[in-house]
Structures are given as C-alpha cells and as structure tokens.
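This document starts with one chain, in the form predicted on its own, laid out as structure tokens.
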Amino acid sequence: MSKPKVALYWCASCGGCEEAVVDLAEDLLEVVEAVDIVFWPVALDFKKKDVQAMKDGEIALTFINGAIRTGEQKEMVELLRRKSGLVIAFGSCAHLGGIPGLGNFYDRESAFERAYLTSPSTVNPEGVLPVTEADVDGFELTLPEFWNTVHTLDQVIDVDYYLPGCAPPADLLMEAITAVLTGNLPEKGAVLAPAKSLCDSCPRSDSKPLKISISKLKRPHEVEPDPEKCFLEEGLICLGVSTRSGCGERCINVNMPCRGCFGPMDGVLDAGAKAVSAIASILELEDEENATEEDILELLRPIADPAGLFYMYSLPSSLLRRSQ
C-alpha cells in the first residue's frame, strides 16, 4: 500500500518553520517512514514541474508556511491547493501574517525606497529598483510581482487547519501529522493548539494577583524580571493574557514576556485589539480624578511602538488589514 504524500512549501517568512520540521529530531525518521515527502524544495531537489505532473488531490497533506506577498507565492500556493487534499497554514506568518505582515504599515514604493535607496548599507548611485521584466543582453528576465499588501494564506487559498507559532513547536507538529495519518481531525478551520490562554499554562500563574493594576510601565531592557513573578505585576507588557497557549512557554521560560505569536483564542476577530483591550483594562493612573492628558501620555510613553507591539504577528489578519 502506498504511503500518503506530503508536501512542504515556504513563502514570505524567515525559515524558522522549516527549522521546526528539523526539530522533530529522531521523530522525523518516523514521519519519513509513515509518509512520502513529494515536495520540499528547501531541503530536497524537487521542482515545480513535479507538482504540476501530479493529479489534483494526489497530495494528502501540504504544510505551507509564510505570508503571501508575491505573484510567485500566489501561483505556488494555488497549485499546491489544487494538488492537495488538506492544507495546513503552518506558523504565524501563514496563519496571521506574522512579522512580514508589519509591511502593511507601509506600501510597496516606500519599502523599495528604503531597501534599495536610503538604507545605511545600500550603495545604489543609479537608483535601480526591481522591475518584473527586463531585457539583459537580448535575454528577457522576469521577477515575481511584489505586492503592495501582505496577505495571510487563507486570504489567497482555502485552508483546512492552522498550526500556530513562531515557529510551531515540534510536539504540536507531530500531533498534527499523527492526527492526519489516523484521521482523528477536528472540524475544518480549527487551530491545532489548546483552546485556552497562555496565562492558564504560564509557570508564573501562581504569582499572578487576582487583580492587577499597573501605574508605571517598563520596557524589558530597563529591568531584570523576577523569574518567580508575573510580568504584568512587574509592569512589563505580556500578551499571554490574550494569546493562545501551546507554545511551551518558550519566551516565559527564558524570562521574556509573551509577544503573541500563537495568535488569539477562538472567537476573537482581532488579536491586536484584544491585546490592547486586555492591557488597557489593567492600566491605572495614580490620581485618576485629577489626571491630565499629559499624565495619560506619560503612562503610555514606554510603549514605544504600539502598532508593532500589539500587531506584531497579526496585522494582515486584523480588522485593520493595512494602514491605508
């Protein structure tokens, strides 16, 4: 009996999700024994034509990581969607837009200007910018179109399941593969991670007061947090209160607050807005009755980049989508 075919593809992301597959360690041998990897261009010598030659639906499962920002990425994920029975959005970028999604605070022109003209390390006296077509010595060269807007995977193709995280932990990846192989899958559209907040599983939860109020915010570089105390209690913004658990508390365990890579719990329409609401509810001015606008601004001043903090992983999937 032939083994189920599995594919993996990398779009706009850092490559950490590919490392997550390698992090399976010896379990990767079990995966290879159980499935037939038919497309994984970052690791093995597969070509686009190999996928094109397959029948529609022939691939049992495809993991696609990364947001979608170029015409080539759109073409490839549409091809993989046709050839796959199931598609899993693998990691924060495919799931929510991720760090590349912060590009939606700008447009294509300003991104090109910064990257190719004005950055301190750029030497480009002729001001050459990328184009989709160019004639070089009689040969026509092409580049994929660079989109103005970063999209999540499900804004481009139909997605069956979501595996969150930056990057997804190996245990959740193995559980997802096992669920597919055994047919023990939840309802379509489910996020394959616990449906509870990170605060519920945080190792510091016992130190979290029943009521938290913050009258002075601090930035992580300004203080060495007590590893036994809730970050919020110490005035550090931690998004664990509005973020799904399942990451293994990796940031918490190295004494850094959560930044929300696992995304929101079920039913939340906007992860950033949920995080803003959660943090705003525990901010407290020392003298609220006589507080001025300047007092409020002073309390919020340590939040140097509110948009980048609260929408670090989720701007393309938010109600905002982009800045303009």
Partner chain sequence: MSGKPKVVVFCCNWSVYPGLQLSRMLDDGIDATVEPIVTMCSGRVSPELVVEAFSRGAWGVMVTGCPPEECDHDGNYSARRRMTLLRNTLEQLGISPERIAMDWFSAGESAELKSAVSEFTEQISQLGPMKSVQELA
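Residue numbers count along the first chain shown, from 1. Being a predicted model, the structure only gives us computed values, none of them experimental.
The form predicted together with the partner chain exists for this protein as well; it is not shown, and the discussion that follows is about that form.
Among M54, V276, V35, A60, the residue placing a heavy atom within 4.5 Å of the partner chain in the predicted bound form is V276. Among heavy atoms of L299, some come within 4.5 Å of the partner chain in the predicted bound form.
Contact annotation for S281: at least one heavy atom lies within 4.5 Å of the partner chain in the predicted bound form. Not displayed here, the partner chain is approached by F105 to within 4.5 Å at the level of heavy atoms in the predicted bound form.
The partner chain is not shown here, but in the predicted bound form it comes within 4.5 Å of a heavy atom of E289. At a distance of at most 4.5 angstroms from the partner chain in the predicted bound form, all three residues K74, H151 and Q155 contribute at least one non-hydrogen atom. Picking from 164 to 172, 142 to 150, 250 to 258, 201 to 209 the stretch near the partner chain in the predicted bound form, with a 4.5 Å limit on heavy atoms, gives 142 to 150.
With contact defined as any non-hydrogen atom lying within 4.5 angstroms of the partner chain in the predicted bound form, the stretch 40 to 70 contains no contacting residue.
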